[in-house]
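The form predicted alone is given below as one chain in structure tokens.
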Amino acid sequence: MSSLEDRRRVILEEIANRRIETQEQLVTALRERGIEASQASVSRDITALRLVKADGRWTAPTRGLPTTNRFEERITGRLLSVDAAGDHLLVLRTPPGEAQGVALALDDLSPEGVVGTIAGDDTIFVAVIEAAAGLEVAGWLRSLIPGSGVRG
């Protein structure tokens, strides 16, 4: 893996899955994934990807309306869809590499009725205690999808 697109995709994966606070840490994370990059290259990647520092770590910028809750900010713009899978399970979709960060934010928010989350690369399973809680949580999550027309 050595193309510019591959390197930038890996950067987005790394900042979504690990706490990366410095450009040096990002260079090291890339090296661990088999990608050699200079700090200058990483600096250009950060600019091109429009990464921002949030809570002392690099993160992809949120693309939705600003919220007052930092955990909601981590979800807004990273959530693509919310679907029910029965009465006790929601399936959330994110861009590749974003699911774990969204699930962590959701876990930190601890919405009423949510029992827990399991995250992969671009999919999150959210277990809810009952169907009514699932409907409420799904509606709230959909309100965080930019352009959904739903605002909680």
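Heads up: residue numbers just count along the shown sequence, starting at 1. No experiment lies behind these values; they were computed from the predicted model shown.
We do not show the form predicted in complex with the DNA, though everything after this point is about it.
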>> My question is simply whether residue 28 lines the interface with the DNA in the model of the complex - judged by any non-hydrogen atom within 4.5 Å.
In response: no
>> Whether residue 44 contacts the DNA in the model of the complex should be assessed with a 4.5 Å heavy atom distance threshold; does it?
In response: yes
> Is residue 36 close enough to the DNA in the model of the complex to count, meaning some heavy atom within 4.5 Å?
Replying inline: yes
> Applying a 4.5 Å heavy atom distance criterion, does residue 23 contact the DNA in the model of the complex?
Replying inline: yes
> Has each of 4, 7 and 53 got a heavy atom lying within 4.5 angstroms of the DNA in the model of the complex?
Replying inline: yes
